[in-house]
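Below you will find one chain, with nothing else, as structure tokens; this is the form predicted alone, and questions on how it binds or moves follow later.
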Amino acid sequence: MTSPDSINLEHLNHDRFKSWSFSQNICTTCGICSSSCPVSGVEGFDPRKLVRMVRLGFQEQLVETRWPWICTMCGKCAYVCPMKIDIANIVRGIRSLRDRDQVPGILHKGIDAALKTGNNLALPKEDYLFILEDVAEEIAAEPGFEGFKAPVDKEGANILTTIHNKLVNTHTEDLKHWWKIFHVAKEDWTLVSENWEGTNWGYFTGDDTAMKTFIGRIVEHMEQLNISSLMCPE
């Protein structure tokens, strides 16, 4: 990101982000956030500089730069910050200001697919159910798990578990760990057949409307199936 060599501070809108409740005004620029950040230095990214730019009101520059999208929103910076500034949420606020069609491709496409189909992969229901059954059969073939099945849309179950899209794409083996624990613990659990995606890309991109839609779907599942507990591996 480039900036002018000199800036007249009187021309900046210091109150532009005043309504944000992330305490960016009390940053001491100590640099602890930058030293803990896993992507600090990538394309010049520096959490400390980002907070200072928010404080000074550099909205256009923040929205246009890739910095908010380089950030992983892992929260390490906020954890070590002596002033308890929630930098990850500042990043999310900046992301929300970008036009939706300018959101980085994979995220924009993922949200669009999830809103239309119920999952970020746009995976058809029959393919999804086939994958669940296939993984369950592999577990059932192991000693001690004979007859194992993955319950779907089970009314009155104790736990509803959502699924990260990669678990039915490239990491199906990771499904087995939780399912085996449920089986051994004799837990009453279920999956859902529709709108099953547990990854809320609306949150990560600062799209509150999409975020509420995805959360609403999970709440609807729990109410319709009369489920008391939620486990969200994401």
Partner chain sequence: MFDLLTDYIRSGRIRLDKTKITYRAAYHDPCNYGRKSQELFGHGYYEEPRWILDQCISDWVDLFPKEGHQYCCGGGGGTLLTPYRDERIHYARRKMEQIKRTGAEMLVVPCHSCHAQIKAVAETYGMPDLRVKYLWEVVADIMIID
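The model shown is predicted, which means the values in this text are computed figures rather than measured ones. Here the rigid core means the biggest group of C-alpha atoms that line up within 1.5 Å when the two forms are laid on top of each other. Numbering follows the first chain given and starts at 1.
Quick note: we don't show the form predicted in complex with its partner chain, though the next part is all about it.
Though the partner is left out of this view, Thr170 does not reach within 4.5 Å of its partner chain in the model of the complex, counting heavy atoms only. Ile70 belongs to the set of residues with a heavy atom inside 4.5 Å of its partner chain in the model of the complex. Mapping the unseen interface onto this chain, Glu43 counts among the residues with a heavy atom inside 4.5 Å of its partner chain in the model of the complex. Using a 4.5 angstroms limit between non-hydrogen atoms, Tyr79 touches its partner chain in the model of the complex.
Contacts to its partner chain in the model of the complex (heavy atom within 4.5 Å) from stretch 86 to 106: Asp86, Ala88, Asn89, Arg95, Pro104, Gly105, Ile106. Core-superposed comparison between this form and the one not shown: the C-alpha position of Val42 differs by no less than 2 Å.
Here Cys81 counts as shifted, since its C-alpha moves by at least 2 Å between this form and the one not shown after the core is aligned.
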